[in-house]
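Presented below, as structure tokens, is a lone chain in the form predicted on its own.
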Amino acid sequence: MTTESPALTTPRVESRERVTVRFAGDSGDGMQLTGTQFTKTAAVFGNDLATLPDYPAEIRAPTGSLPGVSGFQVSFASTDIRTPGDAPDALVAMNPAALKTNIGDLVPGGLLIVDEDEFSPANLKKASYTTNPLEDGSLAAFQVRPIRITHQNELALADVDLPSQQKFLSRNFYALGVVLWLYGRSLDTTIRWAEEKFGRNPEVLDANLKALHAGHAFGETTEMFHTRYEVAPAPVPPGVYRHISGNEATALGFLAASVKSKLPLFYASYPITPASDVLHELSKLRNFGVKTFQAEDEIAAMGAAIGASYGGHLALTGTSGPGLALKSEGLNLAVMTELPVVIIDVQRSGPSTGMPTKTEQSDLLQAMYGRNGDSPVAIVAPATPSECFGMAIEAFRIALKHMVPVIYLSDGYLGNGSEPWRIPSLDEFADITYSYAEAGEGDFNPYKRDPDTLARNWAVPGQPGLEHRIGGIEKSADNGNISYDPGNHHRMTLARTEKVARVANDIPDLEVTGPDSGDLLVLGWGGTYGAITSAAERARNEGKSVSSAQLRYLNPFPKNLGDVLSRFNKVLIPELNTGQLVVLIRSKFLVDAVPFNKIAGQPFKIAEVQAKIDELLGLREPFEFEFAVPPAIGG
């Protein structure tokens, strides 16, 4: 009997600049946890990274069914990256349904790890497979690595005193151990997390750690893998970093606004996906004076926030698209009373309930115009998960200085996505200024305005000499009394409109990435930043005259936007909607901007934006998404 030499059995190590991995399984398989732990390990190692959690839209979809698949994609690199990757280089599929819904994204030749034990006739039927894809040759384009994860995990936990079902739940840690070995990552970060999470339940802790170590040992000892992959740390500016999601950064940003303004923060909301995480995070911060209120509905939450602002607090409420519709009447009251209230909208696929766990940018026109009467508000939009922190501070800076409601437009991609974040000093952000009214001689007029900003006096009720009326009925500009005078209403309406317009004097100019003029400008807002910026950068590297710009201020626009648009022959606007920013740009600047719309519940891929760029430059045929178009629409 002969044995192979160690040189033949030891996997070679291949260096990669960037790797994208997707974990997929049933909603009860712990894929979000698995992906998060791998992400944290990559962050501790020093990689730049971006993530894309993908939650099932149905809360209790049948086990093993296609609607119940949960996924988590992480892209990590030794260089600066801006997106979670167009397509995974490796896919971990814990059952046939996960394979069926995700295999179409795996790159040709990509690594496919599956739990072979889950490919039973019953599970194959649930996933609409007529034959076993592990046996019928349909996966020949990939590096298929079937592992009996469930069985191996049972063997590893044979001496753990837990029911079989609880042991089964730890197999995600077995899969995590395999993948951590495959990419040369330490187990220490996950071990520390498990000890903190399960420290009070030693049996569960023991099961998860044994599963993790068993998966890692399997990777070391099996001859199934011929290559391991190495992704070096990314060069980053010095500082203290942490891994953060957009919703976490949003919550911390509003806390920072409270610290900078020295005003107590009050947050009122009704739970709604994907904004609920902001409530969860802020509820942990009561030691910083944060008060959180879970209201009985969206209308009550909006009313509570208005009341808190009237009382001199930093007033915040949050929701997603359907909730913003319900808040619209109350938001109108905030406009009419000219109170500084911030409304978070973490956008999701609509209309109505739509696809509540999927991302979209379809609330821009609702934020702009979704109220009766002329009812202007300021609108800001972060572009990356970590940028949510700074834009949260900016939302309150604008609200307090200009005495206007501000809508903070995030989205599911930003809120659930994550990246490394250098923890900043609060001194890096602009001061938050405001002034309470002070009692003086004569009658107090709540509508006496600052000559520069037109902000009215902010008077906390209950102070002698500052008695006043505000409310939904029009008030006199001279004394704050109820007024039905036509001329007064005309003047007050124009004042409220001009007040928001003057915010443009207080925000930075739009920055262009690339040349200041050229053939094509790719303009975006919100979470499209990563795909747009990367696609334009790749186009420039190919010698094309393409620049990009990302709007963080949507009402009012930056003062130089018109000038920027005029310097380019064509303007392309990719949006996760049917073309809402295009409507605003065309109407305000008379620029024939070209819409590029994706309404699939998923973010843009870099390659999609690249293809559209080439189309507009005349370098390819018209680009179409691969989505099936019903005959009633497409003919």
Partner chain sequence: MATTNGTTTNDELELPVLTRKDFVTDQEVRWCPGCGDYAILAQMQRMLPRLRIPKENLVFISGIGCSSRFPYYVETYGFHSIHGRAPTIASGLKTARPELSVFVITGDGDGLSIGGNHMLHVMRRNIDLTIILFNNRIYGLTKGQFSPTSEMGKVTKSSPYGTTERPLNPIRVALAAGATFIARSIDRDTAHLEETLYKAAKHKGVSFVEVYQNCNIFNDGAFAAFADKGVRQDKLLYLEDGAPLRFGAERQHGITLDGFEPRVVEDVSSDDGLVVHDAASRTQNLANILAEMDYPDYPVPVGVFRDIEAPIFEDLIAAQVESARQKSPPNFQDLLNGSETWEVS
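Positions refer to the first chain, counted from 1. Predicted, not measured: the structure shown is a model, and the values here were computed from it.
Unshown form predicted in complex with its partner chain; subsequent notes refer to it.
- Contact with its partner chain in the model of the complex, defined as a heavy atom within 4.5 Å, is made by none of Leu106, Leu111 and Ile147.
- When its partner chain is considered in the model of the complex, Gly312 lines it closely, a heavy atom lying within 4.5 Å.
- Its partner chain in the model of the complex comes within 4.5 Å of a heavy atom belonging to Ala459.
- For Pro237, a non-hydrogen atom is located within 4.5 Å of its partner chain in the model of the complex, even though that partner is not displayed.
- The shortest heavy atom separation between Asp80 and its partner chain in the model of the complex exceeds 4.5 Å.
- Heavy atoms within 4.5 Å of its partner chain in the model of the complex are found in exactly one of 295 to 303, 377 to 385, 356 to 364, 492 to 500, that being 295 to 303.
- Listed residues Lys125, Lys559, His226, Arg192 were compared with its partner chain in the model of the complex; Arg192 is the one with a heavy atom within 4.5 Å.
- Of the candidates Leu91, Leu180, Leu255, Ala207, Leu255 is the one whose heavy atoms come within 4.5 Å of its partner chain in the model of the complex; the others do not.
- Taking its partner chain as it sits in the model of the complex, the stretch 445 to 479 comes within 4.5 angstroms of it through a non-hydrogen atom at Ala459, Val460, Pro461, Gly462, Gln463, Pro464, Leu466, Glu467, His468, Arg469, Ile470, Gly471, Gly472, Ile473, Lys475.
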